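For reference, the chain that follows is the form predicted on its own, supplied as structure tokens.
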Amino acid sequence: MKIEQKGKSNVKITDSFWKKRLEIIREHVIPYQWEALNDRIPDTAPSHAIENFRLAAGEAEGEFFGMVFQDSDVAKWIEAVAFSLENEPNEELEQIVDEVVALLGRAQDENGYLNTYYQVKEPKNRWTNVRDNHELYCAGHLIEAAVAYYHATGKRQFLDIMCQYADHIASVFGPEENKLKGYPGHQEIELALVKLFDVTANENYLNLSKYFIDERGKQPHYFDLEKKERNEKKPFWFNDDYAYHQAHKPVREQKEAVGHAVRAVYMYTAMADLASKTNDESLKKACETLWENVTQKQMYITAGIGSMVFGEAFSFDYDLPNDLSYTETCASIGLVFWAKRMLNLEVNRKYSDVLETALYNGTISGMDLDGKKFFYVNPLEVQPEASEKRNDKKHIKPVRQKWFGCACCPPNIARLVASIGHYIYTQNQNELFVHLYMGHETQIEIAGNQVGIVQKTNYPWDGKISINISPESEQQFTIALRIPGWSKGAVVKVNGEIVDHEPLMKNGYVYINRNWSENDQIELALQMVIERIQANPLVRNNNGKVALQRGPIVYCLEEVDNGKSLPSIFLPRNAELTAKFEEDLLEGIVVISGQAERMEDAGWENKLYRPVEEHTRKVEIKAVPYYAWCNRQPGEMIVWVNEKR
């Protein structure tokens, strides 16, 4: 089998913002999660994930423990390690993964099957409930981990294990007679199979991914057929509607994002992948339609998606409650995956702007600054007492948790941050597209020429970026720079000379085509101003409110800075706001400050209502980046602030 090893990133991150997060992932998160997977973290929900593989291998006695998708936590942890090894080799960590891979090999059945839930707990019921029980989902995460580990180390064992498993799955599912005509209840394997195709060039994997996407939602409905085989009578719990799985209609007929948000964006990611790999215009059009619906009608300002706790799901257009939102960390992570794939279909700022918003807001908010506690849910408004006493807000945690019984988010955010270098660029033969700005060094082959690139910046706090371009030999090619939608002005210079970039703009990118020589210098200055952001009036919860944003960073007010009862604060439209970098606060952030007004609580003794009286006092407010909230004292938090006109 032909194996390609082109997916490894050689980007060395040097900037303070992401470098410290990579260090936290490497030095704290990965070791911490390894301890959690081995049930060695006190006072937390046990995982049992490694022990489940020992049980499947016949090396331990006991019963399977955990969720049906417990295997995926191990897979995402290995993938995080793989990306971390790209950034910083670590022989000890690599040895641990090699031992886990060997364990997986011992646990694998002779026919290639590998799923500890069904190997240990229900060996006679394999492939009988793909709607609910995550066999294909776990396989997908294991495949992704195997591909990443091969790219990072060149070691074949894990990849061979997963090729054998993928071959087994292909023998079970497909259009041929005597095969199951099914597809996963939780999408994931579809995008993983595309990665496996990329590394092996085995078209069977691409075809299987395409089959799962094409078959989804067709009639007679496979979930009904397998339900009948199980002799299951009760209606499906999500309003008896397979919209939960995005299986309510064929994917090309879907116009609105519905159902479980993580399932949705994982599927959309695979659809975009397949559209790119197979030149499928119908899939591309479906992706574009769904993208517009998600980002223009169902996405929070933080790039959080999935507004309702019931089903961890999309609800309906413009329904974006701040204090009830679900906005699972994994859903924003999936949005990042999808945005990257959409950029492969079309280089357009509307995709990379969302990619950036998610990376700096709705994803990294899921982990505290020391990497030891996590949010599963990322609300935009928190009142701790309401979380404690209201049943409809029990999912809103006022503080991050050490671990979860359903622990999908912690290893997912670890693998995302560890792989951040993969999101900076995409390219074709003669063009390099710069989507993200962060300090780093790398070598990229462009038009057959090795090009050294050094990017220096204090982004996201400062909009000044310098990019040194050093090809091995002078050559003509194009570098396309994203001008973010939030920037009110940009100055582009090459070797000190201002470039009239407006004629060179296409879909938010400046295309600079020239003969590049060693130590050519690009300078980009993006204007970062404090913006008051309004929501569409159809977003009922935000009428009369504004959010604060500077550059890609969305801000919030916390009780620790502004006192209790944050909704009693009103920000005058003419209030002057200032931005200042505070090095010792929350590991170094830009703080937004200004004068606002707060409703007086005086005169309300023994009164619940009264005729309107205008009693306010001037107060200084302090806003901090949303991603950094709840890293000091717990308390209230709001993103959307009342506006006084």
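From 1 onward, residues are counted along the sequence shown. Predicted model, so just to flag it, every value in this text is computed and none were measured.
Quick note: we don't show the form predicted together with another copy of the chain, though the next part is all about it.
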* Asked: Is residue 391 close enough to touch another copy of the chain in the predicted bound form, meaning at least one heavy atom pair within 4.5 Å?
  -> yes
* Asked: If you check in the predicted bound form, is residue 616 within 4.5 Å of another copy of the chain, heavy atoms only?
  -> yes
* Asked: Is the gap between residue 68 and another copy of the chain in the predicted bound form 4.5 Å or less for some heavy atom pair?
  -> no
* **Contact of residue 601 with another copy of the chain in the predicted bound form (heavy atom, 4.5 Å)** => yes
* Out of 533, 369, 575, 504, which one falls within 4.5 Å of another copy of the chain in the predicted bound form, going by heavy atoms? -> 533
* Asked: Ok, 449, 543, 401, 476: which has a heavy atom sitting within 4.5 Å of another copy of the chain in the predicted bound form?
  -> 543
* Choose one stretch from 87-95, 391-399, 195-203, 412-420: the one whose residues place a heavy atom within 4.5 angstroms of another copy of the chain in the predicted bound form. => 391-399
* Asked: in the predicted bound form, which residues of 607-645 put a heavy atom within 4.5 Å of another copy of the chain?
  -> 607, 608, 609, 610, 611, 612, 613, 614, 616, 636, 638, 640, 642, 643, 644, 645
